[in-house]
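This text opens with one protein chain seen in two forms, each one given by itself as structure tokens under the names structure 1 and structure 2.
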Structure 1
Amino acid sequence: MAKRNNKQQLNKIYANALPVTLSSEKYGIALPNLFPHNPISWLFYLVRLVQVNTLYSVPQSTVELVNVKYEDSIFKVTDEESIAKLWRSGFFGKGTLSRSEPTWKERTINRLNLEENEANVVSMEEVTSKRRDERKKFKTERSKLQDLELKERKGDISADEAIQLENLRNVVPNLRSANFKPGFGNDNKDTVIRLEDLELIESNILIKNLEFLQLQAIEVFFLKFALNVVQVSNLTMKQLFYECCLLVENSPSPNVTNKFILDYVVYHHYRSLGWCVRSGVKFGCDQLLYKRGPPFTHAEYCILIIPNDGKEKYDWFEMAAKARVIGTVKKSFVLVYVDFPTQAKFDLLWNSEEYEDEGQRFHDILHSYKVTEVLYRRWAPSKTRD
């Protein structure tokens, strides 16, 4: 029951897959159903279509763009509302002081036991650290048990120890049983306020948020080019693209195989197919594909991007290591080969004066890239055989 509530709650929080506002959401209007065999429904549909498009402005145009600051080669979002919007619709970015979702503020309020702490929310980081503590405890208890068992076998066990052994035998298996969940709530620790914390609080209220949301270059460009929901420090789309390329490699005009471009092509590809794409650095690959997003499921696929230039980008040792790491976390390893246009063709499009719409330029440039996927699986013949 609790699980279902939790799921419903998640569905509510993360209702939007992308940070775009729809007419149906904003005005509560929707186009009627269209029945191909019923001409009246066509007519009705057309009327409504014209109505919607003339009477109501496109909602996205009325929504303010999210402000992204570009400082020290980092894309930052500091406004709390924008952070929530980008995280909750599409899981963009990462909290700089958190594992992924920016939860520093909540955690600090929790830790310092401040007044705002009503909901008693438990962040993922706290769950993890709790679980690790429990695991450590289990391990020490188990080693105690094993020591005593050894003594018992040798026959030099005192009466006290025998009782202790009996107790441990009952306790230890329960610590690791499948139903065991670390408990929260009733262990009210004493609040420790460090010297640094004093700068943050004023009359029991947190006044500073040290955390901001950091976006990857590919995320920023996707939000700009594909969704047009951000404004990046007065940069035009072309300038932004160029800055992103410069992050990877310093050249007067972008190289056709610039890692940023290849990454972006793949990122856009999977975003278009409805996947939630996040950085794969923690598993040593380029991107991770989530079915809906991190709170719902684990990532299913690890993406490694390889330019299709006939050169060997990763040697066997690296491939073996990556595949092994990905295998142990039960994900599938996908090699994505990216075909790219010639440098001349790229430069032509890049320098062309014909485009009035910058979006069209990048549409044409990105159209000349192609992706091919190969699923790679580590297979040890001697261990897989029955």
Structure 2
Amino acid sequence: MAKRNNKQQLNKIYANALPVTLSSEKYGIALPNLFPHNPISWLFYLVRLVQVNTLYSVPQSTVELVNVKYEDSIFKVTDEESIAKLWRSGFFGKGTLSRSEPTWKERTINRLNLEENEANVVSMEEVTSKRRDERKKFKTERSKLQDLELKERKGDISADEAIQLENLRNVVPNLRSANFKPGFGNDNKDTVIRLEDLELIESNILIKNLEFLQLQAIEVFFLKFALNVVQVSNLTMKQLFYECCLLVENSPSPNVTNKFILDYVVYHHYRSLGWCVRSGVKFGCDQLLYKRGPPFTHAEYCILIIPNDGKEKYDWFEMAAKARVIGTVKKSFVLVYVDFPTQAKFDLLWNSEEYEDEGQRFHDILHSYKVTEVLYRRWAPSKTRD
């Protein structure tokens, strides 16, 4: 029951897949189901479609854009409301003082027993730490049990050790089946205040939030180009694209095989298919694909992006090493080859003055790239022999 309630709570928190407001959410008016064989359903559908598009304004047009600061080659969001919006609606960015979800403030309030935390929710970092401690304790007790059982089989066990063995046989199975569930409340009654904590609290309230949300370049451009929900330091879309390219390759004009462009093409491709895309640097790849997001399940696929230019970017040893690491963490390894246009065609679209809408310019540029996926499987002789 607790697991079910926790899942329902996560579904409520992360209900939106993207940080956009739909008409059906704001006005409670959704398009009805359409049955091709029923003329009345067609009529009702058209009436509702005209009603939504004429009587109501587009909700997203009235939403204030999220302010993203571009400082020292870093894209950052400091407003707490914007941080929560971008993380809970698509899992964009990473907390600079957290593993992924920006929970430094909540963890600090829990640690210092401050008054500001109303719900006092246990963060994912605390859940992981608790589970690791329990697993470590289980392995220690299991090791003791195995040593005593070995002595018992050899007939070299004392009376005190026999009693200890019997107790461990009752305790170890319970430790193994123990499952820490995230809940509410702080059981830590011994609050340790460090010297640096004194600058953060006043009257038992946290007055400073040292954490901000750091966004990848591909995430920022997706939020600007595909969704138009952010404003980046007063940069136009073309200026933002150029700055993102400069982060990877310093050149007067973007190159057709710039790493940022190739990464963004793949990122946009999978985001448009409904996947949650995160950085894959910790597994030695470019991107990770989640079916829903980090709080729900582990990533299912590891993506390695390769420009399809006929050159060998990775040798056999590097590919085998990546496949071994990815296979060890029980994920599927996907090689994504990106076909790109000629530099002349790219420069023509980039420098053209015919575009009044910058979005159309980048639509044409990115549309000239093609994505091909290959599922890579590591051959294991012990599993495939006759």
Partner chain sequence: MIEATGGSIDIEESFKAVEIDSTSIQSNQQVILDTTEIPKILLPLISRNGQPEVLIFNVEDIKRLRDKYGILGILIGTLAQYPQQNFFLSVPLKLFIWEVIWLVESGYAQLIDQVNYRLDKAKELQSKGKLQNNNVIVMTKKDPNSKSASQLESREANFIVTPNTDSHKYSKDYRTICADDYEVSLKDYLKSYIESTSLSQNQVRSYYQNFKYLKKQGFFINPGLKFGGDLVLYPGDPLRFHSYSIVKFNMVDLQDFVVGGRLATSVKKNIVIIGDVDESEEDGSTEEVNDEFIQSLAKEPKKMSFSIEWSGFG
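Model, not experiment: these values are computed from the prediction. Whichever C-alpha set is largest while still superposing within 1.5 Å between the two forms counts as the rigid core. Numbers given to residues start at 1 and step along the sequence of structure 1.
Only structure 1 is derived from the form predicted in complex with the partner chain. Remark: with the core as the superposition reference, the CA shift of I40 between structures 1 and 2 reaches 2 Å or more.
Taking 2 Å as the criterion, S158 counts as shifted between structures 1 and 2: its C-alpha moves by at least this amount when the rigid core is aligned. The two forms, fitted on the rigid core, differ between structures 1 and 2 by less than 2 Å at the CA of Q343. Here the rigid core is superposed, and E149 then shows its C-alpha moved by 6.3 angstrom between structures 1 and 2.
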